[in-house]
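Okay, so here's just one chain, in structure tokens, the form predicted on its own.
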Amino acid sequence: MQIKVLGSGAGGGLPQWNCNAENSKDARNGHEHVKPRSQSSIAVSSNGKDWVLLNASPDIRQQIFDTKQLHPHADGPMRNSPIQAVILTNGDVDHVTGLLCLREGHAFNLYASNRVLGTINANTIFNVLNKEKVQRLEITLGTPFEVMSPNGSLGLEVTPFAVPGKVALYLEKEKAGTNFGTEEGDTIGLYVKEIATGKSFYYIPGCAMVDQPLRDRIEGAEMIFFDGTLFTNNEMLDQGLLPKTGERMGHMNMSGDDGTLKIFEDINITRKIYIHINNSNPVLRDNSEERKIVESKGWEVSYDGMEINL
């Protein structure tokens, strides 16, 4: 199984277009220790020819351009693409907007939970994806499904499951209390398995907490991509970027007693990789003390173009 990180950043990427904080400023100016990052998405393939996208970033056009594996096949018809399916983990802008760039008459299957499909179906702008060519397929939490292209199996089995999270910002309900209208299916994780080899990994780019069901599920995993949005819960407040904590946004922080570095210490996972990393996070500086800390705890920080073979 081949995995390609198309984008490793959180919403806005790095540099964010309107941000003048240290990380964005240095990435914009070509600082050697701060590499630009686009918004999070990965591509997976069992044969190196046909690919499945996990989330469709607003940066998808550039990500495809930068990824030779996703270029049209040279021996194919005048219009073709290796992208055969897209699976969404939530309805966040930074995970669904890229669908609008996949509108040029290409056939692929779109998988999402009932909640996320409901959001897409309610917004007519997504009708630019011709329903005769792009099937919208509902996935059931806890039920494995074989990922299919319009022409057949892609050799991957995916199990979607609920994770603690939050409804997309633009869907928050003003009077819904502290959960802002969140329901099961708003945020999901994916267990991806290659059918032929049994090789597998977890993809959880957004998570508000590691509860006992999630801990039990990921115990013993070969590999996990996990929410790396913030290093500290208050870092955007402290940097004067946004009056919100990570907790308010439905994302975990890395540090502290409630952070992923501590929580994952007693969970047996062979390979741990942070993804969906916000432009405020100091681990994006590859010479920072925070980067040294996460790496000393056995974590990797993903980057655009990262390739993994399982």
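Remember, predicted model here, so these are calculated numbers, not experimental data. Numbering starts at 1 and runs along the sequence shown.
FYI, the form predicted in complex with a further copy of the same chain isn't displayed, but the following is about it.
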Just to confirm, with a 4.5 Å cut-off on non-hydrogen atoms, which of 162, 195, 221, 93 contacts a further copy of the same chain in the model of the complex? 93
I'd like to know whether residue 46 contacts a further copy of the same chain in the model of the complex, with contact meaning heavy atoms within 4.5 angstroms. no
So, residue 127 and a further copy of the same chain: in the model of the complex, are they within 4.5 Å at any heavy atom pair? yes
Close approach of residue 41 to a further copy of the same chain in the model of the complex, 4.5 Å, heavy atom: no
Mark residue 271 yes when one of its heavy atoms lies within 4.5 Å of a heavy atom of a further copy of the same chain in the model of the complex, and no otherwise. no
Quick one: which of 152-160, 70-78, 201-209, 222-230 gets within 4.5 Å of a further copy of the same chain in the model of the complex, going by heavy atoms? 70-78
Stretch 79-118 - residues with a heavy atom within 4.5 Å of a further copy of the same chain in the model of the complex: 79, 80, 81, 83, 93, 94, 96, 97, 100, 101, 102, 103, 104, 106
